[in-house]
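Below sits a lone chain in structure tokens, taken as the form predicted alone.
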Amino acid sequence: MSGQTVPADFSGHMLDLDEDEDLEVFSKNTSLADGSPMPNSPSSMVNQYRLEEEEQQDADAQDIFITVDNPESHVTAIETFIMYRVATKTTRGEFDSSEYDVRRRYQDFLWLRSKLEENHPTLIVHPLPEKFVMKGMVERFNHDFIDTRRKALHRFLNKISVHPILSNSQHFKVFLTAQELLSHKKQGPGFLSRMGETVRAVANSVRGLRSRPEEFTVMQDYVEDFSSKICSVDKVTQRIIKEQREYFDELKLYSPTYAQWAESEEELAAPLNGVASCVERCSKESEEQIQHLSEVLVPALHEYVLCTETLKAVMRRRDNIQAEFEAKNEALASRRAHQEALQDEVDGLADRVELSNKALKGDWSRWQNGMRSDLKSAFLSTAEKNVDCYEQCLAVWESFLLSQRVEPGEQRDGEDAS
């Protein structure tokens, strides 16, 4: 059968971190569109883009509030792992209580996500942070890594809590309320059933589609383009932070050098000490800027790098459903003897295709709005921090220049005295 090939959804992909690829850099004009110069302090301009009213409306509509905190290390004879406290407050009537406190490890979050994807294959389930850490990046159980993962797990649960369908999942409720999950994890399809699903997915991928609806082809193209761009921005941002950290390390050595020089140059002591002070203060601003990039922009970018893999998996699952429907429809046409039995399957699959398409289209616009809001907020926050950093450094150096200016009267007094 000719047509597009549907890749089976049974393997993961590692991100390519090749640093040889260049990101196109566009020059920025520092004037406004009408030719007038940019204001020196754009804080008021940045504030125009704040989404405070929208955020307040979302908070008013929310009825589940979840916090992931208090990580604890657990050591057993065969493994070491981290348990997080998951605290929930809710006003929903289907919950027996308004508050819950449970402890969960990373594998429990994986179980929840797999169950959500299993029951809602064409909904966009927010990604979890990666299970394994790339060699040389961070220690697995150091404080920074644990806190970064905690924040990502917190965001994962809160993304689900505001989803109109996923937040009503029974598995989500069990995750938030059950003191232990082992008995719940044992429920569900067995190994042979899961293997059958995998075989069917492979068969559908080999068979391919006759024709994908245009709207989903547009989605597929968008995802591929978005994936390329967000991965490039993510890689370049991490490279910039690496270079800024190297610059910061040099600045820490730069200031003491001027201070030591001032000790041996009495005539130049004042300006040398002034430069040393300026460099030290600029160094602190640079450190704050690097920290902001690492804690705000990088997590937002990398989160949506992972989202692109989720989107691709959702598109594959939708295509697999359609491929199975097309196969059954062909079988119905060629095997009239079994027409009645196959007709029921075809009707069921037709309904499933329609529901899958409807679910994905509804979740697609919702995901796009959330993605644009998250990235816009991260970009604006970063821009505001950059402006603040550069303004602080500019003020430091202007203060130094003013301190070194000699008034004409003072200069003449100095010449008379000599």
Partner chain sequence: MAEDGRDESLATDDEPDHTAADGNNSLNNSLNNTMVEEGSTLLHTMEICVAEAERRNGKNTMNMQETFTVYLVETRPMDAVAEGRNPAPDSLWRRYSEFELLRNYLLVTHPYIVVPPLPEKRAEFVWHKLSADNMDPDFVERRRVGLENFLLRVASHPVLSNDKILHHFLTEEHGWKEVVYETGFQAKADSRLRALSATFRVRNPDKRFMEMKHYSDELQSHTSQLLRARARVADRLYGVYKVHGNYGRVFSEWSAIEREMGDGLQSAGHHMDAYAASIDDILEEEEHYADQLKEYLFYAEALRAVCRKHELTQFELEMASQDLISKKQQQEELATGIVRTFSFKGMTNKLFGQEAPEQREARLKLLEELIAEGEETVKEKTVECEEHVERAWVDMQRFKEQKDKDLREALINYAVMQISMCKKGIQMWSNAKECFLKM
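Numbering follows the first chain given and starts at 1. Predicted, not measured: the structure shown is a model, and the values here were computed from it.
Another form, the form predicted in complex with the partner chain, is not on view; read the next lines as being about it.
Q: Which one, Q107, S232, S73, N119, lies within 4.5 Å of the partner chain in the predicted bound form by heavy atoms?
A: Residue within 4.5 Å of the partner: S232.
Q: Among V275, L181, M83, I321, which has at least one heavy atom within 4.5 Å of the partner chain in the predicted bound form?
A: Going through each option in turn, the one that passes is V275.
Q: Among the candidate stretches 217-225, 309-317, 166-174, 97-105, which one is within 4.5 Å of the partner chain in the predicted bound form when only heavy atoms are counted?
A: Among the listed stretches, the partner-contacting one is 217-225.
Q: In the predicted bound form, does K376 have a heavy atom within 4.5 Å of the partner chain?
A: Yes.
Q: Considering non-hydrogen atoms and a 4.5 Å limit, does the partner chain approach P271 in the predicted bound form?
A: Output for P271 is yes: heavy atoms within 4.5 Å of the partner chain.
Q: Is L297 a contact residue for the partner chain in the predicted bound form, using a 4.5 Å heavy atom cut-off?
A: Residue-level check for L297: yes, a contact with the partner chain.
Q: Whether E79 contacts the partner chain in the predicted bound form should be assessed with a 4.5 Å heavy atom distance threshold; does it?
A: Judged by the heavy-atom cut-off of 4.5 Å, E79 is well away from the partner chain in the predicted bound form.
Q: Quick one: which residues from 231-247 get a non-hydrogen atom within 4.5 Å of the partner chain in the predicted bound form?
A: Heavy-atom contacts to the partner chain in the predicted bound form: S232, V233, V236, T237, R239, I240, E243, Q244, E246, Y247.
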